[in-house]
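Coming up, as structure tokens: structure 1 and structure 2, two forms of one and the same protein chain.
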Structure 1
């Protein structure tokens, strides 16, 4: 048991589960506070999500919908995670996601490009956009959180302007890709059949999982990953060891930006949602990515699970009793979870130091017994 507790991965798991349980519990308290009569059933609906439906077919279809949105969320969380491993807090992932969405939609709807090209151009745009943050950080010492937020808003206004060229004439929403340019849709390759003909289920979902594993390998098994992490741990030490620390910062943000932008492309090139050109706030996907990254213990595999969980409760929010509560209760729960994630390091530290103390005690006991033995 003690050995298990000492294991870092196990500690992370415990800490994340604790965050989830406390987060859900606090969400429940909020519901109780608003209206005690339906709180219990509503929080159960949030947890149940697609299990809300009684027919197996509808369940499958809605599980598919959750997965469709899990893929972009996973990309955003990988984006945040990758930058964080290099000591950068990429809150600009939200803006890079917007850039990816806008570029992929524009390439599809205005230029009618093939889906592969749409994705590649979106990633390129996201990388270039994130490079602004990187250059400002590396060369001008600008705090990446503040520049990231500024760029989020610039991206939002830019995307609304560009995409209003390809919107429906009578509504603020962009055209449907299915009608305009079917070759720009990410192919499904039969995956839709698995989810009761849910045509939004595409190869984006398995691709996202594969990319998570690629990131895991890149960070832990390659020279580049090692250099980037070293830069994150101590910029000056990395520089002294002959690493190009400025280049590494910019490169990290470019990869991070490409990942977030890919998330945008994954969602919008499945035609699951239309972009609203009149939206006045930055989409929450990038911010939820932060939640997923930290909840997943800053590990790509953990991210897969935590992204699914965050998306699961976000979709589940739609099934609360809307006459009493609002679906934003899931946003509330996920933001409580991120807040709690701030305490994770403290919790892990507490577990470790407690273990160390009890070991010390035992060691002292052993020594004391030895000494006794010697006297006799």
Structure 2
């Protein structure tokens, strides 16, 4: 058992499950304080999500809806993960996600471009926007967290201004891509039929999984990945070894920004949602990507699972009985669980420390017995 506990992947799994269980328990306690009569059924609804429906067809359709929003969340998770592996905390992923959303929507609704061009231009915009943070970090030593937060708000208000030109006349929401520019929609290629003809289900879902695998290979099996991680561990040592540490910092944030922007394109080019030009807060998708990255143990494969779980409970919160709780209760429960995701690495550290102390105690016992035997 000890050998298994030493395995990093198993530690991540145990720590993640512990955080999830504690988060659900705390959510249940909150519901008990608000209205005890509906606490048990409400927390069950959060866990069930699409299983709330008795019809198999409705279950499939709503599972598809969860997967549609899992794809952009996974991209934001990979964005945060990629930067963190190189020693950077890309809190600006939220703003880069907004930039990707705005550019993809504008290219679709105003320029009527093909979906491939919309995606590529969104990724380019996200990379350029993140490069601002990279340049400030590499050349001016400006903390990427501070500059990233500031740029998040600039991205939001810039997106609202740009997209106000392509919104519905009597509504703050942008036009539907389906009616305005069908060629800009990401194709389904038959995937929608697997989810009871859910037309929002597109190839964005498998593409997100493929990209996660590509990031895993890039970080662990390529020279570029080695150089980027070496720069993150110690940029001075990387510079001494002949690596272009400043270029690597900028390149890392550009790749990270492109991933987050791709998440925005994946969501809005499916026409699942319309952008509200009156919103005054940065969308939570980019910030949830931070939780998904850490809940997944900063591993691309783990991020696939954690992104789905976070989106699962978020969607599941919509089925909480609103006659007993306010409409924000689902967000509250989801927030508690997401907050607990940040303790994954603390629990992994606790497990490792406990194992180390146990081994040290065992080693001292063996030495003591050996010394005692020598004296006899």
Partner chain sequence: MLLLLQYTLIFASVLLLVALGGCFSEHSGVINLGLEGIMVIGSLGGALVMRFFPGLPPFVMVIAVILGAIVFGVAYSCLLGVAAINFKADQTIVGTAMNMLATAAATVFVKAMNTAANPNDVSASIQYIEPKKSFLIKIGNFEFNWFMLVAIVGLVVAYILLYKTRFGLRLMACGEHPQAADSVGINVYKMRWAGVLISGVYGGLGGICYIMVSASEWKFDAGVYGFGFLALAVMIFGQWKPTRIALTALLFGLFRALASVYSGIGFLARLNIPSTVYNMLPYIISLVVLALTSKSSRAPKAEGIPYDKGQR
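Positions refer to the first chain, counted from 1. Rigid core (definition): largest C-alpha set, two forms, superposition within 1.5 Å. The structure displayed is predicted, hence computed values, not measured ones.
Both panels show the same chain in isolation, but it is structure 1 that comes from the form predicted in complex with its partner chain. Here residue 17 does not count as shifted, since its C-alpha moves by less than 2 Å between structures 1 and 2 after the core is aligned.
Here the rigid core is superposed, and residue 360 then shows its C-alpha moved by 3.7 angstrom between structures 1 and 2.
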